[in-house]
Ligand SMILES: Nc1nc2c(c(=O)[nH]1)N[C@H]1C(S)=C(S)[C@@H](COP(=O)(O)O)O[C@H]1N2
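The chain below stands alone and is given in structure tokens; this is the form predicted alone.
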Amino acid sequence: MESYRGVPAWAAALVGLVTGAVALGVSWLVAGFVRASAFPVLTVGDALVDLSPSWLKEWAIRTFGEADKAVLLSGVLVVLAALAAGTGILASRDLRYGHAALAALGAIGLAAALTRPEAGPADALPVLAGVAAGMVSLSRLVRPRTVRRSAASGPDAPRPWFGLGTETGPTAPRSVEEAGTEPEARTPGGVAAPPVMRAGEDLRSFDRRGLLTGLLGGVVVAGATGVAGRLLSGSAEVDAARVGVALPPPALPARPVPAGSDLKIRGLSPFFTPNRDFYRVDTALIVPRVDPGDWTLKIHGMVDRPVELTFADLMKRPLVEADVTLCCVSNEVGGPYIGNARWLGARLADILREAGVHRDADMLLSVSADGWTCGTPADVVMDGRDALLAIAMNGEALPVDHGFPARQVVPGLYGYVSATKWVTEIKVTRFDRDEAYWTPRGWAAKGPIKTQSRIDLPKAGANLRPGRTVIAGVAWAQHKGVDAVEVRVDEGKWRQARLAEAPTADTWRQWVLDDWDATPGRHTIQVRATDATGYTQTSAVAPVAPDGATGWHTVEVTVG
């Protein structure tokens, strides 16, 4: 066993960190050739998402919102940094220990990479390349850090950093300087005597210059490979391709939005949610970047004629505009995970009819570019509503975050059973034969959106002035429509709110009560909606799992 114990722990940890950076940089570079989602940090993060219980995922969404993925990735990187530092310390004691630690981390990475739904043999390459690069880097950074010195070395021998050496054995001198610069030590007879060393012992000094040179080289390698990996992942090309998309005019434009659809009250959610503000909830730790030139959609399974469409094919089809509100099943009562947009796309029902769906098929199992799956009831898509394979959102090509180049939009269903982004495959099947991603994790197989309402003004906890005060918000009952919204204060009488116009039953609807006379004190405001079927939302509180939250949105304010 070759020992390097003269290396200070902090320096060994720094060696480990640079080694980890080199390993990640090389793995990112190789992932650029394979595919970006094979980057080990992402595969490990994806595995953690898959293995996490539903309650933990819901806590993360409630606590961190759309930053939940950034928090998870940051946590993975912090843990990797700690493990890398520990690997450097182990390697300073015995290089074999460091290599074993890297191999163990590689095994974890391989398990995460090869168990992904879309995984293939090539997904192992980034991990293997990263581990190999890490081992080479660790060997080169650790070995030169201690310089062997003979017992009779002179004053020109390299001096140790902070006087630290790696001498071993009970007869070793007190310091390297004593061994190398004080040969005048005397025997009892007055004769100069060399330092005493036993067989197998040597003297080593810590090489500061070699360490700094090696670390700098490692940082350069890590940075260069990381940048190259990012370029190879195609981010810039996809962004440029998206900007270059010329949207064709719709064959069937959306009906004009009535003038009274947006009450234009400051602080009230606008009728159309700007793309930059539209919520994003999905399992993708890194947004898939799909080149429209390479994109295809395969429709197969229980069909007479399997279909494969390119993006060019999709652009040539008769396109439909539709105003549709989307909502996430993770949206708590009064929550933010809902938005309304104008979508442009091809009718999914028309494409399915061309494929010839079998009569006994009842499920569309769609697959995202990152392997996520979604099970959509086939009868909902085929019942005449504007279920689209969308390519545009609010007048521009889909943002990459929202599914470019194509995604599903199905009115009336929560996103986890309808709104597949970066969709690449639709398998026509049955619910009793296949399961989508969230179903085995405790969520309902079918997820119709529940009638709900939200108070946007005043905000919960607001401090208000006495007098006439506006209470306003939005209500939704997609594909049914909102017929009425009622508001009450301090459990008093329910009062009818004024409704904004709505172009279709598939969008949310603004509402306002603008004559509340706010008196000093604390007040509780509640809202409920009634849809076009006559159903009034229940006061019973239910969590988001397994099929959407229920209850009345309630806010407390102080007037004074």
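Keep in mind the model is a prediction, meaning the values are calculated, not measured. Each residue number is its position in the shown sequence, starting from 1.
Below, we turn to the form predicted in complex with this ligand, even though it does not appear here.
Participant: Using heavy atoms only and a 4.5 Å cut-off, decide whether all three of W476, H479 and T533 touch this ligand in the predicted bound form.
Facilitator: None of them does, since no heavy atom lies within 4.5 Å of the partner.
Participant: Between the options Y279, W295, F272, W443, which residue brings a heavy atom to within 4.5 Å of this ligand in the predicted bound form?
Facilitator: Contact residue from the list: Y279.
Participant: Could you work out which of R407, R289, R454, R242 is the residue within 4.5 angstroms of this ligand in the predicted bound form, going by heavy atoms?
Facilitator: By the 4.5 Å heavy-atom cutoff, the listed residue in contact is R407.
Participant: Would you please decide whether G415 lies within 4.5 angstroms of this ligand in the predicted bound form, comparing each non-hydrogen atom pair?
Facilitator: Although this ligand is absent here, G415 would touch it in the predicted bound form, with heavy atoms inside 4.5 Å.
Participant: Quick check on F311: any heavy atom within 4.5 Å of this ligand in the predicted bound form?
Facilitator: F311: no, not in contact with this ligand in the predicted bound form.
Participant: Residue-level contact is defined here as any heavy atom of the residue lying within 4.5 Å of this ligand in the predicted bound form; does S368 satisfy this criterion?
Facilitator: Although this ligand is absent here, S368 would touch it in the predicted bound form, with heavy atoms inside 4.5 Å.
Participant: Heavy atom to heavy atom, is M135 within 4.5 Å of this ligand in the predicted bound form?
Facilitator: M135: no, not in contact with this ligand in the predicted bound form.
Participant: Have a look at 257-265, 327-335, 75-83, 123-131 and name the one stretch with heavy atoms inside 4.5 Å of this ligand in the predicted bound form.
Facilitator: Of the stretches listed, the one contacting the partner is 327-335.
Participant: Quick one: which residues from 408-423 get a non-hydrogen atom within 4.5 Å of this ligand in the predicted bound form?
Facilitator: In sequence order, G415, Y416, A419, T420, K421, W422 come within 4.5 Å of the partner.
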